[in-house]
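Below you will find one chain, with nothing else, as structure tokens; this is the form predicted alone, and questions on how it binds or moves follow later.
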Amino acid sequence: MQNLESFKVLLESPKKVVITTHYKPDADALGSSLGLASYLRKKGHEVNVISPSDYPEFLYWMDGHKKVINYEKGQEKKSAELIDKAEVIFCLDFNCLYRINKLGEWVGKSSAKKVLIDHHLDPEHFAHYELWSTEAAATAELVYELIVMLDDKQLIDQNIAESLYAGIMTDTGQFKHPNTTRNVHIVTAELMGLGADISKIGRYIYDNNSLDRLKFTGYALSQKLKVLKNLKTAYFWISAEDLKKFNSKTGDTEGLVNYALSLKGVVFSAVIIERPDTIRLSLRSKGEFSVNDFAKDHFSGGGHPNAAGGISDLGLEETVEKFEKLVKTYEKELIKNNKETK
């Protein structure tokens, strides 16, 4: 972290702290936020975690989740007041203020010291302090390292360890993705030593499906998956009606994009979903094909080289058509990557 000594001085006395993370938080976003919040409370700080939206029910086991303020659930005024009074604002697992939607306006104009902890490409550099590294597999990994930097490893209890472990486990695809580094295994081993029950975490996240979610996954695989074999690409297109039919909740589409990427010969996968506010895309790739660049260049998004997201202001059918046309322009690159990943 830049200016670590100055940061230590900032936290020496109790502060009013707000922690926020990106829209529709995943296990890394929520786990790093709750883990950090618990640590800071132990240090005597007054901490509030504000989420721009709801998050999946399979994350409700995390310690402290009941205290999370959901901005979209009638908590706009309270969120604004807390941000206005905050002395320190931690921004976790996002690199640009637009990723927290309307909360970004409040955070941007706040006089509080801002702290960015993130591992995504191309940060906006809006914060006073940054712990940013694209070499980190997860923001939770960086939160662990920050606590160690502050000489407070002994304050990591089982609940903190489990929240951080969940973030690392999911952002590495259960330690299958290329971002699973030596340091990832060192950190997760430390978290296990600090009490993280990895079997319990795995059950809560991966073995906690509703019947509707399983039926939706089966429907998506059988009816909504399209394979562009010659382009080494596969994608799902999911309408609002599809989501309604299966009573889809936040998190029910998570992981769907990985089914497409698991197909033999596929190096680029996507899920294109019709949401109430916009069309959202989740993108994954193998090898050197950068979905971060693809999302940034064509769908106002970004993320990581092999995992990114984007949005479209077109309708669902128009977005699907645009996506297919774009993929054709990457044919040579996709075929080359298919050969290199065999």
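Everything numeric here is computed off the predicted structure, so don't read it as measured data. Just count from 1 along the sequence shown to find any residue number.
Below, we refer to the form predicted together with guanosine-5'-monophosphate, which is not included among the displayed structures.
Could you confirm whether residue 301 comes within 4.5 Å of guanosine-5'-monophosphate in the predicted complex, counting heavy atoms only? Yes.
request  = Could you confirm whether residue 98 comes within 4.5 Å of guanosine-5'-monophosphate in the predicted complex, counting heavy atoms only?
outcome  = Answer yes; at least one heavy atom of residue 98 falls within 4.5 Å of guanosine-5'-monophosphate in the predicted complex.
Using the partner position in the predicted complex, report whether residue 120 sits within 4.5 Å of guanosine-5'-monophosphate, counting heavy atoms only. Taking the distances in the predicted complex, the answer for residue 120 is yes, it comes within 4.5 Å of guanosine-5'-monophosphate.
Practice item. Determine whether any heavy atom of residue 285 comes within 4.5 Å of a heavy atom of guanosine-5'-monophosphate in the predicted complex, and answer yes or no. Key: Contact check for residue 285: no, nothing within 4.5 Å of guanosine-5'-monophosphate in the predicted complex.
Please tell me which of 307, 273, 40, 68 lies within 4.5 Å of guanosine-5'-monophosphate in the predicted complex, judged by heavy atoms.
None of the others qualify; the residue that does is 307.
**Asked** Out of the stretches listed (40-48, 275-283, 312-320, 54-62), which one is close to guanosine-5'-monophosphate in the predicted complex, meaning heavy atoms within 4.5 Å?
**Response** Checking each option against the 4.5 Å cut-off leaves 275-283.
Within 4.5 Å of guanosine-5'-monophosphate in the predicted complex, counting any non-hydrogen atom, which residues from 1-31 show up? Result: 22 alone.
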